[in-house]
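This document opens with one chain alone, in structure tokens, the form predicted on its own.
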């Protein structure tokens, strides 16, 4: 069969604001589809009999059902279908790298050209719902069971939402003053406006979930306190332990950590930071790293200073793990790149950074992951003058609770869990980046939902009746069965 590639309605992968204008402020880069554009784009979907796009989505979002409903102009139905498995629709629509192993990468139409712009359609539906508020998802009758969730990031929020839908009482403890975790303090406003995230957090809370802010477990409240009050505890504290560069000059003024930098800029809102700036970045700024956080730090620094920002990465552009779409945006805004280079020393004057001595790197033999290892080239060091350096070289799982309560750990002090998401302490479970290491928002959410499912089975003495969320949403609760009324009256979710 020959696939006919329908005409695309807009710039792929999405329309963007003018780079010359957007780099001067924190307004959103991605531009929304109109109703007509969303319907036309959704109509490109082939409604495949085996929708691998759903298979590729960590939370099994019903892409086919969404597209079918949007193409018909039934936005209410589209929202109901995709909200079933995803409480952060507007967030993931903007933050998921859909072309990197997720839904759009799996779209059949990609074989002959451009996949359906699933993320843009999802964003349209989420934005439509904010203007046309829809009912909350169904909730089972109260079970009398209580669960404490430690951490209000994507994994904790997704877990709390599913546990609540099963009828359990849920309290979330968050050490910061806002919920969202990395989605709040680590993703810049130009990529994810805070009002989008806040709206979806508020909707989760309105389902009957309590979030207690500015409470650090192990300090103000102990894990023992929670076990006395709740039937189960879920640890979802994410990645917070910053990796350090052990090289000369690391303590000079002007050498900053990217993750602290992003949190300090965004945690109380960009307007508040601009009124009370904390970092002296200067005009010549170097960012070390090759992931999304390096790009976010670079583009944030550019907007704060209108300076010269260069990303230095020790491998080539082909090996960069960052989302290519974000790379293109950064280049459009004037971010410079220096590949095959790595810092050897930070050089200062009067305890203030003035330059970085760089190794020239080359790619050697593949390491255990299959990637070619970068190696210094002798005698080819060089200097780069700068006013500041921002280090974005990775984070390890937040190890505070593991260390405080002697919980079993895995690689890089990650929280160990078994196949049922149980930690080494009875009635304590774990999920998200604190278990897996750094991951995507949507993958953390999927991990949180799976942990919530296991906690539900534990609380209801159903551990011998393991329920697969994949089977439930990918096979048993398909859009076709939904339209036919085949599971009307079944208990949620």
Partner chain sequence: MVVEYTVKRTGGPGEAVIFLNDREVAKLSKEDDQVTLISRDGERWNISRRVEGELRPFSMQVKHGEKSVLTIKDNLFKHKGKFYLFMGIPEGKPMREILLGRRFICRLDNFPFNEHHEIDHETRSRIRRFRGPAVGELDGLGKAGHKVKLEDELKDIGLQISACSYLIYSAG
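Numbering follows the first chain given and starts at 1. As the structure is a computational prediction, the values presented were derived from the model and not from experiment.
Below: the form predicted in complex with its partner chain, not depicted.
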inquiry  = So if I measure heavy atom distances to its partner chain in the predicted bound form, which of the stretches 380 to 388, 138 to 146, 250 to 258, 314 to 322 falls within 4.5 Å?
reply    = 314 to 322
Contacting member of 262, 196, 106, 223, with respect to its partner chain in the predicted bound form [4.5 Å, heavy atom] = 106
ask   = Looking at 28, 43, 457, 55, which has any heavy atom no more than 4.5 Å from its partner chain in the predicted bound form?
value = 55
request  = Flag residue 48 as yes or no: does it have a non-hydrogen atom within 4.5 angstroms of any non-hydrogen atom of its partner chain in the predicted bound form?
outcome  = yes
query = Given that the partner is absent here, does residue 466 sit within 4.5 Å of its partner chain in the predicted bound form, heavy atoms only?
reply = yes
request  = Would you please decide whether residue 368 lies within 4.5 angstroms of its partner chain in the predicted bound form, comparing each non-hydrogen atom pair?
outcome  = yes
request  = Tell me, yes or no, whether residue 439 is in contact with its partner chain in the predicted bound form, where a contact means a heavy atom of each within 4.5 Å.
outcome  = yes
message = So, a 4.5 angstroms cut-off on heavy atom distances: do all three of 19, 33 and 270 pass it with respect to its partner chain in the predicted bound form?
response = no
message = Do any residues of 104 to 122 have a non-hydrogen atom within 4.5 angstroms of its partner chain in the predicted bound form? If so, which ones, in sequence order?
response = 105, 106, 108, 110, 111, 112, 113, 115
